[in-house]
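The chain that follows stands alone, in the form predicted on its own, written as structure tokens.
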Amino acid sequence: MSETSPRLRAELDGVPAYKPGKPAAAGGPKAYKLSSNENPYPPLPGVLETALAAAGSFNRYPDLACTALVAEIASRFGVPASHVATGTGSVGVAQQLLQSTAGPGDEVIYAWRSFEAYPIITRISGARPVEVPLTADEGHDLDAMAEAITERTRLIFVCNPNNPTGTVIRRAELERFLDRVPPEVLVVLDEAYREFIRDTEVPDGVELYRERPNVCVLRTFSKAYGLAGLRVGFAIAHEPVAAALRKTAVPFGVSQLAQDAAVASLRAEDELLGRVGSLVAERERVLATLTGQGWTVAETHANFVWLRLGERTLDFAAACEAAGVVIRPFAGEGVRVTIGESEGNDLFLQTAAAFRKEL
């Protein structure tokens, strides 16, 4: 047998593997998974029944164009159906955006630390990632990001709220930034956690997209809507971008079960708002308790909190796991902790209080 391997793309040598949130250990005492920003609630009313009905047609391909879902999204957001494109979660759509805009020799700008898929999908496309450090208060440095734009820049990711810090960009500063971006550069407003925002000064990206052809908005059904396991997200963008997304989509990538469940979820938004309100209230309780313990915590507008722990990051994650709570560490930087069931949140807060005394 030959020892020669098939020739693979050299760009893959520098691509890190995506690290999902660690699951809770099976077979032991009950543990709470606060590592993946999942919604702790079950599917919204009517969604499970809709999904089960769709499961009876697994022998058929799903609707390639996601017709019903696209129509529902277009109606919900007041946009033309031709401006909507779907994909396998917002990260799947983000990868389609890179396939549509960037290749070898091109540059993609984003804040860092931000969503860890950005460097992965950028390198897979062959483009060069340009990572702009966060400010001291864990937010986007939009001035530095604007200054990083060159003639090779093809796409800019703006994660609002930012994952994993939870910080937001308010309207005036975001509009100033958008005014500085050349019209040929696509700005992607990644709003996976939009539903958890309560600050009225944080703009809805869909409103910004309407007057700006180079703005694309990413949304997902994985977080607030609780469909993380079904992998369905979407983009709202002007026709040239949306059309390119449809060209680069994996054929039949969004299952019929996911399409039907997403439509049912959009139609259950009254219940959704109540659940999100409860999670936001729990987030504020967790944030206030951490502050009271003496932690310096960035003001979060998502369904998680961020603690910058530096070299103690893995120690803290291990302490949480020993207490029955699995969180998401970023070695040498900090931890992201999802707002989950109150019992799990309480275990996390108890661990944080004890760990704080050791610092």
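One rule holds for the numbers: they count along the sequence shown, beginning at 1. Just so it is clear, the structure is predicted and the values come from calculations on it, not from any experiment.
As for the form predicted in complex with a small molecule, it is not shown, yet the points below apply to it.
Three residues, C159, N163 and S222; all within 4.5 Å of the small molecule in the model of the complex via heavy atoms? Result yes, every residue of the spot touches the small molecule.
Give a yes or no for G89: in the model of the complex, does one of its heavy atoms lie within 4.5 Å of a heavy atom belonging to the small molecule? Judged by the heavy-atom cut-off of 4.5 Å, G89 is in contact with the small molecule in the model of the complex.
Just checking whether F115 would be counted as a contact of the small molecule in the model of the complex - the rule being heavy atoms within 4.5 angstroms. Yes, contact at 4.5 Å.
Using 4.5 Å between non-hydrogen atoms, is A237 touching the small molecule in the model of the complex? Because no heavy atom of A237 falls inside 4.5 Å of the small molecule in the model of the complex, the answer is no.
Can any non-hydrogen atom of A192 be found within 4.5 angstroms of the small molecule in the model of the complex? It does: once the small molecule is placed as it appears in the model of the complex, A192 has a heavy atom within 4.5 Å of it.
Among the candidate residues R285, R267, R231, R210, which is the single one with a non-hydrogen atom no more than 4.5 Å from the small molecule in the model of the complex? Here the answer is residue option R231.
Only one of 237-245, 76-84, 174-182, 115-123 gets a heavy atom within 4.5 Å of the small molecule in the model of the complex; which is it? After filtering at 4.5 Å, what remains is 115-123.
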